[in-house]
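There is one chain below, alone, in structure tokens, taken in the form predicted on its own.
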Amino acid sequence: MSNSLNSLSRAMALGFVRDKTALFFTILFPLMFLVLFGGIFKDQTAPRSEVVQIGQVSLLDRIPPAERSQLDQVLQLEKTDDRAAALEKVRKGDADAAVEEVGQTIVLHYAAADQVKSGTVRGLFDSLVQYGNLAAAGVTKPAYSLETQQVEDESLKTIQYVTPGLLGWAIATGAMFGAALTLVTWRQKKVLRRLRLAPVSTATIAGARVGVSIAIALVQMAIFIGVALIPYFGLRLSAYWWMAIPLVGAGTLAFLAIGLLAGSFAKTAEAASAIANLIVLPMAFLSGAFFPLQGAPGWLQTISKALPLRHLVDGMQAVMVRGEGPASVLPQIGILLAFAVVVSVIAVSLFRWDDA
């Protein structure tokens, strides 16, 4: 059995390596998305409010250097003496607001088109006016002070989010296509019939397919993490990232089962490919592999939780980048394994050794 398993595994692995199309869509195609998303959005931060200062505004001009450096982190000021030009920039959306001083009144001009930006600028200048009033009244030491402490929140930088998401999609694609296309191709070429007549057990055939698929998934994981760790992209792994390895194994089994099911009733490689695409691509969008689902409708999130890719992506995000402990992904691993068992039972009941 050992020799048969090794021979079959070697044949499947060589078949994968020699298939340029499989190599492209399993590794290079998802990697292109990682490079694209990671490169475009790697420096994405919250934008500063752009405000045009018209003439002299004592409230802004008298801010001490220490406080001014903090203000510059959230406010980008442009000074001008041309009031009409400043207001025109606000109207056109080239600036979030314009501010001027009329007597003892600070006048803030803003456009109502973007309620979020205008609300941010108004809140900021309301705080500045209160600060100026306290300073003018001689209140140099307020009764209360604010101390800020950052905690780990639910938000992730782009590369932190897209690496587990695109990796999950790549693993799902590789496992599904590998199982479905191999099964259909071998059935068409009568390889399955010869294997059935040969002294090779079904368990050996299945074991070879599972072993090769998990090996490919681990290679995908190594390549994705290796590329994302390049300083240009800036991925930072948590201390428990290694727990993604058994999660990847469970996810591979789940999508192998789906590929086996697709290949069980597909008659041609084209049909198997179409079925796999029809399943995995919508699932990637509905599972949050490409973008977060926090703002999605409740019914859509409910559907998402029934999909195996959602649990694979969530689990990898938890241990790879959010820093959650190993026990946090045990439910996802259990769900993926249970899904693999149920779908495999259905696929085996539909399995055919040949087209006859």
Partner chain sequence: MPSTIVVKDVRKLYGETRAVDGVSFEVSEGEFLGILGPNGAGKTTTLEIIEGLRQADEGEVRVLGESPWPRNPNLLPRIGVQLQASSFFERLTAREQIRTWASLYGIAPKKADEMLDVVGLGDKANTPTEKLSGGQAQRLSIACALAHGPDLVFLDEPTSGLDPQARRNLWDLLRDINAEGRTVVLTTHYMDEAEILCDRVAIMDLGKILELGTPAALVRGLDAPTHVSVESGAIPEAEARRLFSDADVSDDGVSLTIATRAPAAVLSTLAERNALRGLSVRGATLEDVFLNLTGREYRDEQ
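Numbering follows the first chain given and starts at 1. No experiment lies behind these values; they were computed from the predicted model shown.
Although it is not shown, the form predicted in complex with the partner chain is what the next lines describe.
Judged by heavy atoms within 4.5 Å of the partner chain in the predicted bound form, the contact stretch among the candidates 237-245, 186-194, 259-267, 83-91 is 186-194. Residue contact with the partner chain in the predicted bound form: residue 198 places a heavy atom within 4.5 Å of it. Shown alone here, residue 349 lies farther than 4.5 Å from the partner chain in the predicted bound form, counting heavy atoms only. At a distance threshold of 4.5 angstroms between non-hydrogen atoms, residue 341 is out of contact with the partner chain in the predicted bound form. Taking non-hydrogen atoms only, residue 14 approaches the partner chain to within 4.5 angstroms in the predicted bound form. Highlighted residues 302, 324 and 328: none comes within 4.5 Å of the partner chain in the predicted bound form, counting any heavy atom. Applying a 4.5 Å heavy atom cutoff to the partner chain in the predicted bound form picks out 7, 8, 10, 11, 14, 15, 18, 19 from 5-20, in order along the sequence.
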